[in-house]
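Heads up, the chain shows up twice below as structure tokens, two forms, tagged structure 1 and structure 2.
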Structure 1
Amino acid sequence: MSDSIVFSPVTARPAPHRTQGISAWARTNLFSDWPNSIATVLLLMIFAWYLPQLIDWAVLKAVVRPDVDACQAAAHAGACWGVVSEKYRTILFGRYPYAEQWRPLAAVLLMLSLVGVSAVPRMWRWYLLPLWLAGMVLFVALMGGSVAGLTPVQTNLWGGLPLTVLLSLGGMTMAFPLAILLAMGRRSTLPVLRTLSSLYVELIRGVPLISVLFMASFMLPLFLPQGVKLDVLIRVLVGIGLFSAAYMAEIVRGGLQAVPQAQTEAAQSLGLGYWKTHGLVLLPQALQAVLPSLVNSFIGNFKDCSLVTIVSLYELTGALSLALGGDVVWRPFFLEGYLFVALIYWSFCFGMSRYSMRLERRLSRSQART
């Protein structure tokens, strides 16, 4: 018989590794090679050692009731969040009269909702400006009182979160127009304007904010004519505004530089003058392009407002020292207080930085050419 060819199949190849699912994810992200695996195991060990201790301290053994004896009994083995539940009104509103503290609360909520409204791109219309003006007036009226039957409250009693919000938003509002002028000045063809604005921007960017605040609180009274007294709050606000204007001017300048030269030429050939070229053609494009950076600079500004503590205005950080510094009973639990204030700052700044990232993605989408 002839040899029959027997069909013998090649042994099947092993199935490919899964590329989806948890095991595949772990293989690429945790155990891709030896060093990676060692790092994973080491880190897991560290987490396993420290996380339970942290949870133990922050949650399981923590004292939440405003009870000093319980806190002292916990003896720092557990966090004493009681300090927050005891003092949160002072931390949030500073020395503002206790009975009237709904007013700063309402003022802060008003400002936050305004910020929320302005964050939506669909709302970027002309009516935002009067809305903000109205909001600011209402904020000051709520805080200061003596209108609509509200008892007047001196500005030296303002403190805590409303002060932080006021200083950062107010400083930004003051800085913005100045920043635009400075940026235009630095790009001007006129040597005098260019030198003056460069000098201002470089000088301010070279010094720490605290020296500007010292200047605002100690020297501004000397600069004013006799008999004119400016409130320390306004002086500090002016200082913060002048300071952040220099930083924002550089951002705006970057935006103006990014607008193609052809846009200027097109505007000029339409017969637009300097101001119209900037107002109608260059600035709208430039500002939109640097919006994320402006938000970032606002975050910096928001954090920097904590410095006014040093010239004795009691915003969040200062209000905390106000609440706990003189209190012998609660003073040992300062750390929990710091953590609480840090959490407030963190949630604001983190939220804004996420927002700035989203804006950036949105802008890059509109810039993409197909």
Structure 2
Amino acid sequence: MSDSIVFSPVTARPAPHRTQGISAWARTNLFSDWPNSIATVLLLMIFAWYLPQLIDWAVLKAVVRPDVDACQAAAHAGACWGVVSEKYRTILFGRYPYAEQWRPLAAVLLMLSLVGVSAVPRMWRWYLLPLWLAGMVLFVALMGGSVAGLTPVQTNLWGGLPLTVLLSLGGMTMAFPLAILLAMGRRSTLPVLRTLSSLYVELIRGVPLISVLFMASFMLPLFLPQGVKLDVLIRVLVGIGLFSAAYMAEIVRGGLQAVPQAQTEAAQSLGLGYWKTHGLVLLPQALQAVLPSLVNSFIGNFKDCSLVTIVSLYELTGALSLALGGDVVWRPFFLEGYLFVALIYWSFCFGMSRYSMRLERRLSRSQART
């Protein structure tokens, strides 16, 4: 008689760790190993030590109303947010005429609305380009005036947030198509085109942005024909666009090199020409691959616009210096003013970063479905 088979259950294994939620995120990013855990604990201890002092300075003992006597009486024991309440118009709009400051406010809201519309994938249609062109024309009309009964305002009076938005968006809009052409030129089989594209990229990347702005503002007028004048804002905008294009070109070229050669061969086997191969096959894949680097370049370009102060254009940081530099009473509270400007910069940069991550997830899901 055969031995009877006795059933013995397998010992239960522990449940797998959760891969979603706050606890899973903390375990992966903050407590993944012993060094990471120790660093996290130390940072939390430092944060717990300084957080009450920060809240005490920034909130509990802060002076919010524009009362310089109260700010001086606080003796920097509390933040003087009153300087922001007193000077926010100059910080946001620079030297723009006080009575007309509704115009730069409307111009900024218009551009931010266009950016918000462009961020919606279902709006990526052919009419988005003419919509942007109309928005840019309306922006310039609002800022410059001389149309529809608006009082003319010279560009040397433009400043603050509208100038930052104009330089960053205008520079990126100009740089992006030029960067694509330069990247394609550096990969071209034509020696002359490849050499010229490489020479441009290496030359521009070899000098700092300040030198480009200085050349555009002070040196370029010396080479213009007699009697020809080009507004300093236009010269600076073109300089920023040409400078940013050189850096973006290398990013796009890296994305094109990451696309397998089989994609090009497949497009050629279907009878697609050079431009259709790049426009329909190569560039969509390349831009998707380098999307984080492109957004990083956009963020850097947005912050680099603060350098235009060197040519007497007062964007956000320059407008802050303009607002407090000549005011002896409020000058001691520069820190609060810089924190206010830093918050504006952080809000824009953080928004671009989060949108980039969202777009990456959307594109990765669409690629997984294919």
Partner chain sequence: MADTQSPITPRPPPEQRLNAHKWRERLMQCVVLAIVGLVAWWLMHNTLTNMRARGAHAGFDFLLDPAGFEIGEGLFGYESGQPFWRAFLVGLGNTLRVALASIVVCTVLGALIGIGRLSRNFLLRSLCTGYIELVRNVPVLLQLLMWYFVLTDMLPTSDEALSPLPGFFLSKSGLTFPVPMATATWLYAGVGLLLGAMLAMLYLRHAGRMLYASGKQLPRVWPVLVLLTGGVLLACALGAVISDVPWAFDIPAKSEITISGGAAVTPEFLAVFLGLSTYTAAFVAEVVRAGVQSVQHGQLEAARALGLGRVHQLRLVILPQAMRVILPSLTNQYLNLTKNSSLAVAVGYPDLVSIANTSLNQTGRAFECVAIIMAVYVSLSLLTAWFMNRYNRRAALKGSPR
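Quick note, the numbers are simply positions in structure 1, starting from 1. Throughout, rigid core stands for the largest set of C-alpha atoms superposing within 1.5 Å between the two forms. Note that the structure is predicted; figures quoted are calculated from it, not measured.
> Between the two chains shown, which is the form predicted together with the partner chain?
Pick structure 1 here.
> If we fit on the core, is the Cα of Gln53 displaced 2 Å or more between the two structures?
No, Gln53 moves less than 2 Å.
> When you overlay the rigid core, is the Cα of Ala286 off by 2 Å or more between the two structures?
After core superposition, the C-alpha of Ala286 moves 2 Å or more between the two structures.
> Hey, does Gly255 budge by 2 Å or more at the Cα between the two structures once the core is superposed?
Yes: Gly255 shifts by at least 2 Å between the two structures.
> Report, to one decimal in Å, how far the Cα of Thr28 moves between the two structures once the rigid core is superposed.
Reported C-alpha shift between the two structures: 9.5 Å at Thr28.
> If I align on the rigid core, how far apart are the two C-alpha positions of Asn296 between the two structures? Answer in Å.
After core superposition, the C-alpha of Asn296 moves 2.5 Å between the two structures.
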